[in-house]
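First, one chain by itself in structure tokens, the form predicted on its own.
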Amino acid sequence: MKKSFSKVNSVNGELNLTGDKSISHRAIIFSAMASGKSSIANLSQGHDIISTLVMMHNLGAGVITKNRSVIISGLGYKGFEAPSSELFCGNSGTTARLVSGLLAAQNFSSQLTGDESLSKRPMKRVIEPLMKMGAQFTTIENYTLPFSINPAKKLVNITYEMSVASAQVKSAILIAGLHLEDEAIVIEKDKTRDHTELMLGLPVKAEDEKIISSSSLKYYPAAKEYFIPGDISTSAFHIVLTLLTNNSEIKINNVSLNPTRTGFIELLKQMGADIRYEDVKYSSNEPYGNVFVKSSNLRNVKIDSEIITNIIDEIPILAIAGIFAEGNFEIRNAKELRVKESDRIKSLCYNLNLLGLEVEEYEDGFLISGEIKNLKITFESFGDHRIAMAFSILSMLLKNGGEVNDFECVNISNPKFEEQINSIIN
């Protein structure tokens, strides 16, 4: 489906976003692992979250939607049931990788599959550490989906130093470790999202390296009530549109302010953005609060490699901000973009070239310079929700608007994207 967008004159109002996708995945899985009933308020409504909910149901957990909350009847320690068929992850890499850690510890074999896009994404990074813990995997030669998981009779403890910065892989190991009497230990040099360790209350030692451990003796999930803060990655699109539109101001209520997720805001502040936080609270050790944003004149700055893992999902919309900021926009050390829902380096460079900008593509990033020469363009989403949303925002900033092909892929993370945008634009 091709979607057209017109130029926006101003942005004003308030937003209440549905729950953060990363936190939502974990709340569902931890609730299904617990004994008893858990309630989850403000759960993300994206298709990726539906994939995780359906999978927990197919493994025996009770799932009931009630008054905008989800009630999950958990199965307790190793209480999951063998599925009657293969388990479909849809487009969700988080589902595939986190659930691999859970299934590696159960008493039955299982098979994970995904859609065409997910079936191209790398899974060796999660398979290898789980095999070191004793699980067996049957997979195709390039270690992608589909694959079968044959759990170990008894998992063994592991000390695993992360070779790739990945919160999903880290979480899979820690979830498997929740089935050990001894500890599973993960060592990471590059800090990644810490939702798993925060929500489970896992011990963390942070020095030059970050060391996280999990075991069944103290940290196995208990039934509880969760409130999921608004999705900070979703808010990036609304924030950039506001910053780049004259005479604009918005307030985003109760959005996640986890420091491992707000790197793009800190970068935008360095670029001159007027953004501030107020009324910070906590839920399941996760900080959240209100974000205020005003129109700002931006200038591009050097982006340090240390921040890349923190901003990796927001790079598409940051590139849009970079087009309108003073100076050239350059991203390096971001090769992980090549293995997202699309090859995001290639996807971004393709669409940016359509504008007549000068674009240099590198193996690990890109450089944007020059000025927009071509107007009223049809951009390609490449079936990637973040590419689709980024170039819809760009279309709203162009004099003659623009179009995005296959825009429906935004439903993967945010089915209410258009509704949210329409509520704040003039």
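Numbering starts at 1 and runs along the sequence shown. Quantities reported herein were computed from a predicted structural model and do not represent experimental measurements.
One more form of this protein exists, namely the form predicted in complex with shikimate-3-phosphate; it is left out here, but the text below deals with it.
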Inset, instruction - Look up in the predicted complex whether I252 has a non-hydrogen atom within 4.5 angstroms of shikimate-3-phosphate, and give yes or no. - result: no
Inset, instruction - Spell out, yes or no, whether the shortest heavy atom distance between R193 and shikimate-3-phosphate in the predicted complex is within 4.5 Å. - result: yes
Inset, instruction - Evaluate R97 for contact with shikimate-3-phosphate in the predicted complex, applying a 4.5 angstroms cut-off between non-hydrogen atoms, and reply yes or no. - result: yes
Legend entry - is_contact(K340, shikimate-3-phosphate) in the predicted complex, heavy atom dist at most 4.5 Å: yes
Legend entry - Contact segment among 137 to 145, 150 to 158, 164 to 172, 271 to 279, judged by heavy atoms lying within 4.5 Å of shikimate-3-phosphate in the predicted complex: 164 to 172
Legend entry - Answer option from E197, D231, E286, D313, heavy atom within 4.5 Å of shikimate-3-phosphate in the predicted complex: D313
Inset, instruction - Heavy atoms within 4.5 Å of shikimate-3-phosphate in the predicted complex is the criterion; list the residues of 125 to 148 that meet it. - result: R125
